[in-house]
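We begin with a single chain expressed as structure tokens, specifically the form predicted on its own.
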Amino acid sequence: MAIAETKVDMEALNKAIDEVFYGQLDSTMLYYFQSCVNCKACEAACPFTPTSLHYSPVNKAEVSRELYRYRFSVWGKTIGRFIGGSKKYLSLEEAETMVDYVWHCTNCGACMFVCPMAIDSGAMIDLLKQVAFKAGMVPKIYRDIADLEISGKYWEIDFFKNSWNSLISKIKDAIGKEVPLDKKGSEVLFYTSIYEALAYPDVLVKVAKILDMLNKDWTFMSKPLGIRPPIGLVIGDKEGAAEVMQRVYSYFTDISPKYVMLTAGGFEYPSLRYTMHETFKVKPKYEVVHVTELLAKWYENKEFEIEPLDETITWHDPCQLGRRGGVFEAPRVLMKALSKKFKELPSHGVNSFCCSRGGGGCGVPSMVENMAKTLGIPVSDDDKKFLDSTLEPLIKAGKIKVNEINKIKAKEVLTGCPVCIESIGFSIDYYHASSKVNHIVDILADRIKVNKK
């Protein structure tokens, strides 16, 4: 895999290994390092294994175990050094392999649920990603986008500003009145990012219409809090992510809603629900929820009914919303009301097969490249090689997902994550499947019938 700005500072890499890798070892990580029995049960669950066994979770995490053994095990300090089982630092070739590995992991958590020892290989691989970032070995195209988010200068870009303002205008037209902006003390803060405003503006307009139909006390943001905050967590930049999360946390606290409602079930969900408050060691007075959680709650409270479809539909569990966030039941409450022909995919719930994007590539390569060009970020030959290298895993994992959809003959695949929609949509097109993929709100909004009190 190509690394942008290919000159690697080995001194910086060694320093990153010392500071980042060894600086974050705790009892949980030590358990992960020590408890693997090399059964390779994780291989079948990983979306990158179909590309190559080279990318099985246990093999990718082995780099971190080699670094661990050298300093923490007698075997690693002695014989391990001579047979390649432990390393104090990495050679340039090994470091490039490490970078290749970390960008072939979405941290989807599937390996942890099939591991008999409950080892989260993604957590170990994330440590390596932080090492790579600290050593300057992150793909430049992602670093530039993340830097733009951290700086806050994304709002100075006309394309972003116009897209956001256009979204507010569409919401105004849809509800027939001014959009409540930055209203303090509202029950619901309808939170979204620029990325979502670009990916599915119609879904966001429909969410606003539902809130208005249900006569909820809600508010929207006059300005976005980031491009897809916090991108830093996806590229291994914890310090940059903390800066962005501070901006988000300050806004949430200032508005002080009862619920912060997200339409994205990707990495934003666990980041803003859990990681942000753990990082700042605060207990929020608001609750971060996915839109399906609130809608299911209101549906069960009989605030509205759902006019069912007469077709087979299925739900794809976004990894970060499901396995990392624990949200499985709420979308199924809505899906079962939406169609009596609701069917589960062969892999679902905690065993749902990942779409292979998210942290592993942050979107379909062409979308990332087009966004960079729109932002005026140069796409170098190294960036292009990197993006191209993320396409094969998408195609291989996509075949498994499409086969599952075809097996149950689902007409609609509904989900709650923009990247899942994008990647599954790519796979459906690539394999000429007849299904469609949409955000659940896209279908649900037109089937809601509000109960009069």
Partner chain sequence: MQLPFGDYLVGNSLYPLALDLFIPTIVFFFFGASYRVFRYFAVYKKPFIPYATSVMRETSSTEKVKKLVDTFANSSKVGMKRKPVTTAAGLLMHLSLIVIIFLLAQHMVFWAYYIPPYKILFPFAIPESSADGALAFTLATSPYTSTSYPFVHDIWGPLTIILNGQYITYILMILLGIYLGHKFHALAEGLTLRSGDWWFFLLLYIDIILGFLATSHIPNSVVYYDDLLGAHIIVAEVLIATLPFTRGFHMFEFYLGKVREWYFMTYRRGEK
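Computed from a prediction, not measured in an experiment: that's the story for all the values here. Positions refer to the first chain, counted from 1.
The form predicted in complex with the partner chain is left out here; the points below concern that form.
A.B. asks: Looking in the model of the complex, is the partner chain within 4.5 Å of a heavy atom from each of Leu391, Ile395 and Lys411?
C.D. replies: Not a single residue of the candidate spot has a heavy atom within 4.5 Å of the partner chain in the model of the complex.
A.B. asks: Consider the chain as shown here, without its partner, and state which of Ala174, Val379, Ile157, Met117 has a heavy atom within 4.5 Å of the partner chain in the model of the complex.
C.D. replies: Contact check passes for Met117.
A.B. asks: Have a look at Gly152, Pro201, Gly136, Pro284 for me and say which one sits with a heavy atom within 4.5 Å of the partner chain in the model of the complex.
C.D. replies: Selected option: Pro284.
A.B. asks: Quick one: is Leu92 in contact with the partner chain in the model of the complex, heavy atoms, 4.5 Å cut-off?
C.D. replies: Taking the distances in the model of the complex, the answer for Leu92 is no, it never comes within 4.5 Å of the partner chain.
A.B. asks: Is there a non-hydrogen atom of Cys36 within 4.5 angstroms of a non-hydrogen atom of the partner chain in the model of the complex?
C.D. replies: Cys36: yes, in contact with the partner chain in the model of the complex.
A.B. asks: Is there a non-hydrogen atom of Ser64 within 4.5 angstroms of a non-hydrogen atom of the partner chain in the model of the complex?
C.D. replies: The answer is no: Ser64 has no heavy atom within 4.5 Å of the partner chain.
A.B. asks: With a 4.5 Å heavy atom cut-off, would you call His54 a contact of the partner chain in the model of the complex?
C.D. replies: His54 belongs to the contact set for the partner chain.
A.B. asks: Which one, 366 to 374, 109 to 117, 187 to 195, 160 to 168, holds residues whose non-hydrogen atoms are within 4.5 Å of the partner chain in the model of the complex?
C.D. replies: Flagged stretch: 109 to 117.
A.B. asks: Which of the residues spanning 268 to 289 lie within 4.5 Å of the partner chain in the model of the complex, based on heavy atoms?
C.D. replies: Contacting residues: Tyr269, Arg273, Tyr274, His277, Glu278, Lys281, Val282, Lys283, Pro284, Tyr286, Glu287, Val288, Val289.
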